[in-house]
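Next up: just one chain, as structure tokens, the form predicted on its own.
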Amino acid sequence: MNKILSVAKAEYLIAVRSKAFIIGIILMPVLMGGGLLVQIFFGNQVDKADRKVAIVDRSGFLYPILEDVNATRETEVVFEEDENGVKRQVRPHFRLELFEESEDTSKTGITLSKRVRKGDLFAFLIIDEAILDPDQISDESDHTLAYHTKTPTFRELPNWLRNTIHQAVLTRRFENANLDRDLVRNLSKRVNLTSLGLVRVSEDGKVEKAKRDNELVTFGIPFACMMLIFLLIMMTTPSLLNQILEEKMQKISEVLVSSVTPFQLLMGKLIGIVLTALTLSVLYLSGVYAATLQFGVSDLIKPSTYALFFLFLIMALFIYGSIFSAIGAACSEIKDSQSLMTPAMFVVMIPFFCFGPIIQSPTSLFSTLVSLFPPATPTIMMMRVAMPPGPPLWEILLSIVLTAAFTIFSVAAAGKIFRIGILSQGQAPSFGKMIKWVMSK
């Protein structure tokens, strides 16, 4: 046991003193806060270049409306007034041009497309004359508004054109039908649905109102749990494969096994990598807990959730650490390990494949069975624990027992592969050969 702890201590100290560990410490805050900082500092960096658009108005009435609405947009949207009363441009100008067609309308698209290619126009819009007749509009082939541009990623202009024309067309249709649009709007108001929890009765008999569902608890926390376990696995366990393979290729492993047994060496490396990942997770979760306290939402994450997170994380690290260690010990060259990495990575990615169905129905038979499949249990069961209403207690206990058993099996199997493979040279590895090593005495 002392030799295992000595190896674990050495591996841990090497890991935490490395540049990769320091990068790992700052990686998560950067990933989480980077997007927010970009929005804060660069959110106002908008391309304010003028967008000139030609309008082919075959309806005969929409272009003047577009001009009026665009004039209003110029004063209310394009410019923004700061605290000192100084106006500054925050959105691009839309420069409208009415294009008069010739008798041969088939040349309209060609002519305007040439102007777009030359840069004289940003886009052009063709409004069909049948836009007021709903009976002539087909949902499958509706080209009553044909927007042409060579820059389709800029969506502000087409969205503005569509919404403005839509409102103008609805108004004209109501007028033609002698209907009061305001009355229709009031009668057509959407019925909203509010998602709430369950009504509770307190110990003193008072009825507690149901609380509104919190999307952060429903979706954000489960997804964060899955991502954090996945990142900690990928940031630590694959390095075992490279480390063991490098020691094997440089004959360092032969020197090491002369002082400790192969199993002691393997367990020391596994414990070292688990301690490294736990150090990272403690730092990350401490930041999360401090943030929840700061914003007064610490009650969103139960203490039991933190405890189960560490338990499942430890078992996941031992499982995947054993898998990558076994692959590293079985291979003699880097190219051999690459062919065995694909199945291992597929197992790691199982939670991502199942994330959608589990979010939609966390208590379904599929979610239950997948969360009890040991290689994926730590991540998927952790998701379900963090997702209201959470799995029954017996499922959590059963998942812990199954995962613990699979962890012991993984470490034992990796130990046998490690014992034989660490000293073998020149043999092409295969899963069949590794299974024979596991079955050997």
Partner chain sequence: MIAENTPAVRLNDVTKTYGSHLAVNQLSLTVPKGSIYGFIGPNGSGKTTTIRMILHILLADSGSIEVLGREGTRAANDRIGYLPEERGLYKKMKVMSLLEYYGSLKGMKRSEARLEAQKWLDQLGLSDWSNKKIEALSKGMAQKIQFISTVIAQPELVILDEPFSGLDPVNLESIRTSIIQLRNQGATVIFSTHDMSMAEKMCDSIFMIYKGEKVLDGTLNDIQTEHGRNGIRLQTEGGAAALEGLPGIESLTDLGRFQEVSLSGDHNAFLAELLKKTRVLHFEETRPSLHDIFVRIANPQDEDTEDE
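What you see is a predicted model, and the numbers here were worked out from it, not measured in a lab. Positions refer to the first chain, counted from 1.
Unshown form predicted in complex with the partner chain; subsequent notes refer to it.
Mapping the unseen interface onto this chain, Val201 falls outside it, with no heavy atom inside 4.5 Å of the partner chain in the predicted bound form. A residue is said to contact a partner when one of its heavy atoms sits within 4.5 Å of a partner heavy atom; Met434 fails this definition for the partner chain in the predicted bound form, lying far away.
When contacts are judged by a 4.5 Å heavy atom cut-off, Leu170 does not count as touching the partner chain in the predicted bound form. Contact check for Ala10: a heavy atom falls within 4.5 Å of the partner chain in the predicted bound form.
Checked against the partner chain in the predicted bound form, the candidates Ser113, Ser298, Thr261, Asn242 yield a single residue with a heavy atom inside 4.5 Å, and that residue is Thr261.
Proximity to the partner chain in the predicted bound form, defined as a heavy atom within 4.5 Å, holds among Val288, Val347, Ile252, Leu96 only for Ile252.
Of the candidate stretches 270 to 278, 243 to 251, 181 to 189, 100 to 108, only 243 to 251 has residues whose heavy atoms lie within 4.5 Å of the partner chain in the predicted bound form.
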